[in-house]
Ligand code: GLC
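One chain follows as C-alpha cells, the form predicted alone.
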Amino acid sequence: MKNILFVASEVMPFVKTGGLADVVGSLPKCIDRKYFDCRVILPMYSFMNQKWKDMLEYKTHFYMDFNWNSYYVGVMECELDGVHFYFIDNQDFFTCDKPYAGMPYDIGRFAFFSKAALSILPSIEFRPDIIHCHDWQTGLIPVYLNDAFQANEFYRGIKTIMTIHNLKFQGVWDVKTMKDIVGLPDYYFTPDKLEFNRDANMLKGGLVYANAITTVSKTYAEEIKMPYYGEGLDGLMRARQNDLRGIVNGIDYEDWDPKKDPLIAVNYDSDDFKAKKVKNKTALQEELGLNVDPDAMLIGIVSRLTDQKGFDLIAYVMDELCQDAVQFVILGTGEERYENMFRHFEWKYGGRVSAQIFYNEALAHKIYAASDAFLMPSQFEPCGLSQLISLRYGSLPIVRETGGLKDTVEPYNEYEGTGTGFSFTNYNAHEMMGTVRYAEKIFYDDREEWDKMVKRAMDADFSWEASALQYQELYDWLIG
C-alpha cells in the first residue's frame, strides 16, 4: 500500500472558491484504494458550514514554534466517501469569513498551515510516500521538508508533487517580511530558490524543491514555458520541463449527469436528447423572459466575468452577434464593466438576451441543459471545467484554443464528420465572431451533423476516473 497525502487550502464539499476545491475533493475518491491510501489535510476555517463541523472528531493537539511564537495546532478528523480528512485548527489563523484575506496576512496563514501539515504527521501516525501539494498556499511544504524536517528520520525520503492550478497566483511579498514570518534561513532567499524580482515567492519555492510538477492540462504545461503564459516563471518551467507534466482535470459525473440531474426540467441522455433537451430550452426561456422559441439557437455563458475569460472579445462584437438569429443567457459576477455590459444588452435586446448577474447552482445546471452552444473564449485557461460540463450536457462548446480548452474540445471538421465543438486560434474578437457564426450555420443548415456532434460530445469521457489513472502512474513512477 502506498500512502498519498493531499494538502490544499480548499476542498469540496467543506470549502470552495474555485476549481481547486473540485479537484482535491474529487481526485482522492477516484484513486484505486487497493494500492493507495489517500488522505487530505486542509485548514479548519471558522466559516465552514456547521453541518461539516458537526462531523469532525478531535484527534490530538500540540504546540508548534512559528513566527517567533508558540502556536496551538489542533487536529480534527472525519471520513467522507471513504476518504480520511484532517483539519488543522488554530483560531489565530483560521477565524475568518473567507479562505483568502489578501497579502501579507495570507503568507502567515498558509506558511503556518504548511508547517503544521508536516508537523502533525507523526501524531496522526501517517507517513506519506508522497505529499501532493496544490497551488501557492502549500508551496512551502517542499521547502520546509528540505530544511529542518530532514533532521527527523520520519521525514527523510518523502517525495513531493506540486500541482499548479493557475500560475497567475504565486504568493509573492517582500523578502524581509516573508523571511521573518516563515522562519527559513537566508540560504533560501536567492534567485535560484525563493527570490523572485527581489521579492519572495512561495509557489516558486515549491516548484524548485518538489520532486515532480503537474498542471491541469497538457497544453497549459507547454504554454507556461513561454513568457506570455509563464507569469515570470517560464525560465524555471523550462529548466524543470523533464519533471513537468499536464494531466487534464475531470468532473464529477455523479454531480453532473443530465440523465439524473434533479435541477433541470427534463432529464435526457445521449440517446434521447433530440426530443428532450429542447424542453429544457423552452422551460428556461419561459423562466427568464426570453422569447419562447424551440428553434432559436440559445448560447449559454456561465463564468466569472473577467478579462481572463475573454469578455473583452465579447464586448467588442456583442452588438453584431445580437443581430443574428440567436439568444444569449449569461450567469455570473465579476468586473463591474462586464456586469453592466450584459445588463445593457438585456435592456437593448429584450427577449433575446438574459443577464443573470449573480451565481446560482441550480440555474447553472439549467443553462447547461437548455443551451445549444456554450461560449468560452478565454485568454488563458489552465484547464476549465465549464466546457467539460457543457460537453456532458450536449451544449457544444465554442472556445479559444488555449490550455485545457484545446485539450478537451475537438473542433468540428465538416469533411471528416468529427469534432465535439468549435474553436478559434487567435485572441481576436472577429475570429471569435466568425466561429460563432460558423456554429450558427451548422445549427440552422445542417441539423443532422449538429445532432451527431452533440452525441459525440455527450459520449466523451471526462470523468475523474480517466485522470486518476494518470496520477496513479505518476505516483508509481515517483515512488519507484
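Quick note: we count residues from 1 along the sequence shown, nothing fancier. Remember, it's a predicted structure, so these values are computed and weren't measured experimentally.
FYI, the form predicted together with this ligand isn't displayed, but the following is about it.
Taking the partner from elsewhere, residue 249 is found to have a heavy atom lying within 4.5 Å of this ligand in the predicted complex. Interface residue remark: residue 383 is counted as part of the site for this ligand in the predicted complex, having a heavy atom within 4.5 Å. This ligand in the predicted complex is not approached by residue 337, whose heavy atoms all lie more than 4.5 angstroms from it. Mapping the unseen interface onto this chain, residue 457 falls outside it, with no heavy atom inside 4.5 Å of this ligand in the predicted complex. Partner contact region in the predicted complex: 164-172, out of 266-274, 164-172, 124-132, 93-101, criterion any non-hydrogen atom within 4.5 Å of this ligand. With the partner omitted from this view, the residue of 309, 366, 109, 115 that lies near this ligand in the predicted complex is 309 [heavy atom within 4.5 Å].
Among the residues 344, 304, 260, 156, the one placing a heavy atom within 4.5 Å of this ligand in the predicted complex is 304. Heavy atoms of no residue among 300, 396 and 398 are located within 4.5 Å of this ligand in the predicted complex. Residues in 125-157 all lack a heavy atom within 4.5 Å of this ligand in the predicted complex.
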